[in-house]
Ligand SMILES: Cc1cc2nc3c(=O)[nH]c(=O)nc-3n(C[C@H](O)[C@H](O)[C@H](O)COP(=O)(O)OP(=O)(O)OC[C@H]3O[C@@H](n4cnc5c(N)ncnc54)[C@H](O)[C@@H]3O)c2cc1C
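Given as C-alpha cells, the chain that follows is alone and in the form predicted alone.
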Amino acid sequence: MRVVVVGGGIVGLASAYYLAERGAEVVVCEQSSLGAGSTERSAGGIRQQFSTRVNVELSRASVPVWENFESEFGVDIQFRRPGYLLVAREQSTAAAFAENVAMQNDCGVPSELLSPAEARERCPELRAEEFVAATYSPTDGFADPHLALQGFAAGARDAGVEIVTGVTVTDVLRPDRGVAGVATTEGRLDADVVVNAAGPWAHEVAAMAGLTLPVAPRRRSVAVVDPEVPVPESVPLTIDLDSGAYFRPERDGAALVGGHFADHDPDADPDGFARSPGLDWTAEALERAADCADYFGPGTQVRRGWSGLYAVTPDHHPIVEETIPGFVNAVGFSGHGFQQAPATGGVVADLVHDGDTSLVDGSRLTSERFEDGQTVSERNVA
C-alpha cells in the first residue's frame, strides 16, 4: 500500500512512522522545512486534564510514547513533569471541575480537585485569593517539540519513509470516487491513500479533495521572560482558564507566558501572518500573568517571543477520519496536536490498514458531528 502524507509536522511524521511500521510505503510531502507550520512554534505541553473523554483518551494513548521516547527513538526530548495546574476565577468554571476530575480519574488520570490554598502549595506565588478552585495532575508536563519532531523524522526514515521538503501539494487526484495520489510542484505522486496532516493549511488540502472542513488557522503567541521572582522548575504549567493566560517554568528561573485574550479571533493567512507577538499582546500577557501569580510584575524582562497558528475546529476537537475512500484527515487539533500526535499516528495507521481503530472512540472525531449537531466543546483550552 502506498501512502502520501501531506504535511511534515509532528502529526504528519507520527502518522508516517506508524503507517510504515505496519508495512505501508510512505512519502511525506512538506512544502517548507519539517515542523515549519505549527510544531516548531508549540509550547510543548503534554497533559491529560481535558473536559471531554475523547481528548483524555488521545492524550492517555500518547503518554507511553512520550515516557519511552528516548528508548524507542534515541532522542531525549527533555520531558519534564511538574504537572498542570488549572485555576478558576468564576463559579461556573469551578462547577465543571469536579465532573472533569471524576471523568479523568475514570480514565486513569491521577488528577485531583484543589482549594485555592492547596493550589498555592503547588505554585507558591499563586494569588490564591483571586481563585475559587483548581485541578492538578502530577503526570502532566511539557517537552521540547523540536527534539520530538526530529525523533519522529529519524524513526520514520529508519522505517523506510521518504521525506521530501520544499515540495508543495497542488491537487489531490480523484479519477473516480477514490483517490489516486497527488499533484505536486515536482510532479505526480501515485498513492492508494492520501493523509491530510497539513495543520494550518488543512482546509486548503481538504478542498483539493472536494471537501469543506471547519478548520481555521488562528494566531497564538508566547513570550519567554525573566520574571521579577524566578519561577522554580517544580512549578506546574498553570492555566488561568477564565483570563486565558498561562505560564510555565523555563530553565534558570525564566518562564514562558502565553494566552489568547481578544474577543475577536479572526482567521489568519498561514502564508503571511505576523510571526512576532507585538508589544500590545506582550504587555497584556504579562499583566494577566501578574494577576495570576506574583512571579510577574513591573520588573519582568522580555527575552523573546513568537507567534504560531492553531488549526481550530468549532468544538476544539480534531477531525481524524477517512472522510472519503482513500483520503484520511488528521487535522484541527486546536492547539493540542503536539501532545496528541503519537496516538493520532496510531489511529491514522489503524484507519488505513484496518478501517477502524480501538485506540480511542473514533466516532467522536468524525466531521459528521458538525452536520448532525453532535458536538461537545472542549472547555479546557489555552
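Just so we're clear, the structure is a prediction, and the values are computed from it rather than from any experiment. Counting begins at 1, following the sequence as shown.
One more form of this protein exists, namely the form predicted in complex with this ligand; it is left out here, but the text below deals with it.
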- Message: Please identify the residue among Pro82, Gly308, Pro217, Gly181 with any heavy atom within 4.5 Å of this ligand in the predicted bound form.
- Response: Gly308
- Task: Could you check which residue among Ala268, Leu213, Val109, Met208 gets a heavy atom within 4.5 Å of this ligand in the predicted bound form?
- Result: Met208
- Output flag, Arg41, Tyr246 and His336 jointly within 4.5 Å of this ligand in the predicted bound form, heavy atom basis: yes
- Note on the structure: Per contact check vs this ligand in the predicted bound form (non-hydrogen atom within 4.5 angstroms), the hit among 114-122, 283-291, 150-158, 194-202 is 194-202
- Interface membership of Ala349, this ligand in the predicted bound form, 4.5 Å heavy atom rule: no
- Indicate whether Gln31 is a 4.5 Å heavy atom neighbour of this ligand in the predicted bound form. yes
- Query: Does this ligand come within 4.5 Å of any heavy atom of Gly326 in the predicted bound form?
  - Reply: no
- Does Val169 reach this ligand in the predicted bound form, with heavy atoms at most 4.5 Å apart? yes
- Query: For the stretch 3-26, which residues lie within 4.5 Å of this ligand in the predicted bound form by non-hydrogen atom distance?
  - Reply: Val6, Gly7, Gly8, Gly9, Ile10, Val11, Gly12
